[in-house]
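Take a look at this one chain, the form predicted alone, written out in structure tokens.
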């Protein structure tokens, strides 16, 4: 059975909300019924067949072909199934995702994996600001699952993150792990200004030495004989540089903070 494929006819002039095209929302619908779904596009509503050419029938495996950065909320509250984005994704990709997997072959906009509960989101390009964060006004960001970014990520990565893992192979912007409640963020590249700002708990695992604010306590250099070896072993099956044996290390420099908040978080830097 071929994947249900939405081929974009032409890039839209305004942003399009694709929340209605998650696997569980179109389960049991015929091709004609899916084509008749109306999507919000700016101030207008457009039928699916006005924007996309539809092919295939397996709605547990969805492909968005010729995708662009104006297609928002791909995989909204996805609860099982697989979504592949051939191109870029807009804002809120994987918002509230509960299970399943999303693979973006290009880049993703702001608030990707926002308030995600479980599942896997893999972005082969870059990610925008507030990856794994919370919606404006809410107090909990990502609450489970895993995000892999093969490029770089923007500011406020993991803002108010509650659980789960975010792995970034490239660089990240300012305030990485800001107001973090728990969870793990690993960054191979550089970090911007003030990583761990106001974090309560959780772990930032960094390959390069960051510029920290004064409210982090220097706990010295240590060898992790249990935690890090187990963590790196759990990543071996991933399609990522984090799975490579040369990425692993056990010697770290540890910082505790943010002492201006609860202060039980930690930043572990490769030593």
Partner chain sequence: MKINGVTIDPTFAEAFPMKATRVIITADSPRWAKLAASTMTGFATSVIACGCEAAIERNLDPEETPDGRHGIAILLFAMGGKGLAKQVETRAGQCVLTSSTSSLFSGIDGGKRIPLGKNLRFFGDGNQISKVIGGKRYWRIPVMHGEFVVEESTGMVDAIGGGNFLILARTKLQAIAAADAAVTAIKRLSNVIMPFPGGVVGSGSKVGSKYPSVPVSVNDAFCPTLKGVARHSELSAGIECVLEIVINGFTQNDIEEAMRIGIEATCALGQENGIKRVSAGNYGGKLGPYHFKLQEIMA
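Numbering follows the first chain given and starts at 1. For clarity, every value in this text was computed on a predicted model and none was experimentally measured.
Quick note: we don't show the form predicted together with its partner chain, though the next part is all about it.
Site annotation in the predicted complex: the residue of 224, 35, 58, 55 reaching within 4.5 Å of its partner chain with a heavy atom is 224. Proximity to its partner chain in the predicted complex, taken as a non-hydrogen atom within 4.5 angstroms, holds for one residue of 96, 128, 100, 183, which is 183. Under a 4.5 angstroms non-hydrogen atom cutoff, its partner chain in the predicted complex has residue 264 among its neighbouring residues. Contact annotation for residue 25: none of its heavy atoms lies within 4.5 Å of its partner chain in the predicted complex. Taking the partner from elsewhere, residue 268 is found to have a heavy atom lying within 4.5 Å of its partner chain in the predicted complex. In the predicted complex, its partner chain stays beyond 4.5 Å of every heavy atom belonging to residue 67. The stretch among 200-208, 238-246, 40-48, 27-35 whose residues place heavy atoms within 4.5 Å of its partner chain in the predicted complex is 200-208. Contact annotation for 228-242: residues with any non-hydrogen atom within 4.5 angstroms of its partner chain in the predicted complex are 229, 230, 231, 233, 234, 236, listed in sequence order.
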